[in-house]
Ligand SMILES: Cc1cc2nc3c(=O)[nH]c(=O)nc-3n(C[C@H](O)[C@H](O)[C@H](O)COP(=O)(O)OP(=O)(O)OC[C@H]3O[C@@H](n4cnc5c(N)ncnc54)[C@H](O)[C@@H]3O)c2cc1C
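The chain below stands alone and is given in structure tokens; this is the form predicted alone.
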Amino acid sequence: MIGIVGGGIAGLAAAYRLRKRGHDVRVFEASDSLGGLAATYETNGDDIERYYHHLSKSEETIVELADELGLGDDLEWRIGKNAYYVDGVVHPLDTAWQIAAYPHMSLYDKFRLGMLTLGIDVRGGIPDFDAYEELAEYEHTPIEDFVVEHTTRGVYDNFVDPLLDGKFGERKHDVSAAWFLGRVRFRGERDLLRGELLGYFDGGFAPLIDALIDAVGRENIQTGSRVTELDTEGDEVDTITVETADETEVHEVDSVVVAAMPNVLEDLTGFECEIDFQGAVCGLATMSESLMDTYWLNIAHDAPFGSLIEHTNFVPTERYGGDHLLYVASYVQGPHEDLWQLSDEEVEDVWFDEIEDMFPDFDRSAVEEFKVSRNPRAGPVYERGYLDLVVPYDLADDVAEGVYYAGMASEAQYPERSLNGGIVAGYEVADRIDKRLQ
């Protein structure tokens, strides 16, 4: 049997591919729900993710998986309207005309930023179309140095720096230009007449998770089952110990996939991962009226949240019983931050006090329900030298033969974490296990 620790999308993807190739697998999930960061809330219509999700056109593996699972026709590509809130004004930044009208950068700033987003280095006056292909070349370069050199100081100060504040806070100067370039590349296809194309499933991501669970076989998945020990015999993995509400189970295994955060890997094997993670506090407001007319609003000033995402400006309100759904999202760099210490009620007050200041016409009584989800390890801090810190897929040399890793600290989640990266990581370890066992 192949034991899989973690029932998030990476663990389920590994189990799915291994089952397709005829292997006996069992997934052990410590919590009572599956899907990891793709877990959902109920609404008056379709379920919705606790943490906002959409797909970019660059995420091809998850699209292929959806096709395999019979959900290809349910994936819809919609325009996700983006805007930037600066000095009390919402500036749409979707079409070429809106970008040209943005008042906080010069025309030359916009030209240089546009060339960078197209992957063209125009320094020296001769366009280089291949300058940004190898992200590793910029692994040790600070973002500020890179942006100022490759675009302008105005681009960094008036556009990039506030975004970094919202994403990485006090850690922003530690992050590499490789992450920044990867983020630019990761974002999807843009129609200059309409905006960015983003993907979302009819019914949300829950049907994809459910289809993946069914393909693995629900009889092969245990929730409420925490793997507490991993034992080896000689240089090979031998057994895992699983604690459930009723008993302690010991399973003999041929291989083990740890598809969880690296702290779980360390607890089970002693393998230490040096990657730092940031947490997330994400609220979902159910409202009787809309707050704004954009999907994704980045914030330039020092707000107690990083962005506002009005989901029902992307997916129709009819799918949620006519309600308007708004995510309020913030990253935290550790439990020492004030936001992490606040109660859910206090978070709601702090956030909506700010929203009322930003949108004076908004009636707070329109908020009918507000739910808060927190995750202490929502994503890596992509600091300089990150590639040297990723955890290998195959840990035969570091732990024991038959031990594999497919969690958030794997190479598939570089230079940006995503559900697609989770599936890629699951597939990578499944391919290695299949080859070894064959």
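Predicted model only: the values in this text are computed from it and were never measured. Numbers for residues come from their place in the sequence shown, where the first is 1.
Only in words, not in the display: the form predicted in complex with the ligand, which the text now covers.
Note that among 403-411, 63-71, 40-48, 390-398, the stretch whose heavy atoms approach the ligand to within 4.5 Å in the predicted bound form is 403-411. Each of 8, 28 and 54 comes within 4.5 Å of the ligand in the predicted bound form, counting any heavy atom. When contacts are judged by a 4.5 Å heavy atom cut-off, residue 19 does not count as touching the ligand in the predicted bound form. Although the partner is absent here, residue 260 lies within 4.5 Å of the ligand in the predicted bound form, judged by heavy atoms.
Among residues of the shown chain, residue 264 is one whose heavy atoms approach the ligand to within 4.5 Å in the predicted bound form. The ligand is not drawn, but in the predicted bound form it has no heavy atom within 4.5 Å of residue 381.
Note on the partner interface in the predicted bound form: the residue among 226, 319, 171, 91 having a heavy atom within 4.5 angstroms of the ligand is 226. Contacts with the ligand in the predicted bound form, taken as any heavy atom within 4.5 Å, map to no residue of 91-125.
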